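Below sits a lone chain in structure tokens, taken as the form predicted alone.
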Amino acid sequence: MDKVFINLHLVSMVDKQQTGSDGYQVLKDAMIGVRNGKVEYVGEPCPSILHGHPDIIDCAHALVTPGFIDCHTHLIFAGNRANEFEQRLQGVPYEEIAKQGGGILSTVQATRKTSEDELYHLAIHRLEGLKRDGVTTIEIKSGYGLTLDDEIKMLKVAKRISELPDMKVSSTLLAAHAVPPEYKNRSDEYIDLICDTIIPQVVKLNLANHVDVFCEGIGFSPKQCERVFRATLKHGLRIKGHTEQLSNLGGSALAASMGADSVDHIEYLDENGVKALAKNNTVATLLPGAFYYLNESKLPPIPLLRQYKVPMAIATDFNPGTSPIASLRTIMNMACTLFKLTPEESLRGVTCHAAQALGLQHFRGKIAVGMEADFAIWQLDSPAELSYRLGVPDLIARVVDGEIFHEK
């Protein structure tokens, strides 16, 4: 083996069915062996492995979890929308701000004017906050360009970020984020552009893993989203959805029926929608940061998701308008305090269930033989502390493909 991590308290997140015990429970004084960036051994100390003279890393009884996965972000953009934050606090609804030219379209204007290099440096700065919270994989969406060239510009920035040695990226085309101003009152024509031009070109350049849509009254209708999904599947990409955030249009059930890896927001999801997720093994991604910033009162249907055993992921939804939070641990705390998740559900939401939301469950999100060696090493006594305490620099190091990255 290349490396062996010893004297660690392991939270593997491996399913109970596979281990005979709950994956949330801590395996004391465990050992992890790594070869060529993959986990080759997990369990109690094994002298025969140590006698092979690998590079031994003594974790000094630190807590070790899978590397965290932020499975829904809008990391790449220019400008900010602090003025809209003020407006909302003065009672102006989000939908009204959007109709006045604010919201997504104000960020579109700023992003279109900004070079690829500048967008890259802005995103790298924001990424530091997520790294400090143990994130080793991040999903990054486009959606603030809304032209062929500007969507590709954003996805090229995401590709550059993916070349960093200490961060993995899953890229998502979100051209169906809003109707661009030049297509006002011609949204069907814009959907034509997405299906006939943008998706094929993004596939040709190999710039995205998923295609996402905003299925909402201020976004796109279920019929329009279905057209985007069909074009996506035709070109071999996977699908996701921003659905049921502000109303119940049935977008979640539609996306699930077409094989979506996840549907995100889902505050207005009903029981039929939850059943569709369960039937199609689609993850429900909860975004408490947007719920908090928009001062919403409609909670996602957590009891129904539990009842039907739908996996729940948690993500920052980092964006300039409704969730400018580059801290996944803050989001974990919000999921517990606002949505009443347990700390265990919260931890699953940023590890194994977040991996499934990106179609990566066979590679990341757990510490098990054959998985990619992505860990977070914490100066903590129990995994519940990950959702409990905010602001204290508890992270010792991140491990990505077996390589150790100490925090500043």
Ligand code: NIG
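In this text, all values refer to a predicted model and were calculated from it rather than measured experimentally. We number the residues from 1 along the sequence you see.
In what follows, reference is made to the form predicted together with the ligand, a form of this protein that is not presented.
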TL;DR on 149-157, 333-341, 200-208, 317-325: the one with heavy atoms within 4.5 Å of the ligand in the predicted complex is 317-325
Listed residue (T285, Q245, T232, T282) with a non-hydrogen atom within 4.5 angstroms of the ligand in the predicted complex: Q245
With heavy atoms only and a cut-off of 4.5 Å, decide whether Y94 touches the ligand in the predicted complex. yes
Are any of the heavy atoms in K240 no more than 4.5 Å from a heavy atom of the ligand in the predicted complex? no
Would you classify F214 as touching the ligand in the predicted complex, given a 4.5 Å non-hydrogen atom cut-off? yes
Though only this chain appears here, would V228 touch the ligand in the predicted complex if you measure heavy atom gaps against 4.5 Å? no
Kindly confirm or deny that H74, H177 and H265 each have some heavy atom within 4.5 angstroms of the ligand in the predicted complex. yes
Do any residues of 138-169 have a non-hydrogen atom within 4.5 angstroms of the ligand in the predicted complex? If so, which ones, in sequence order? Y144
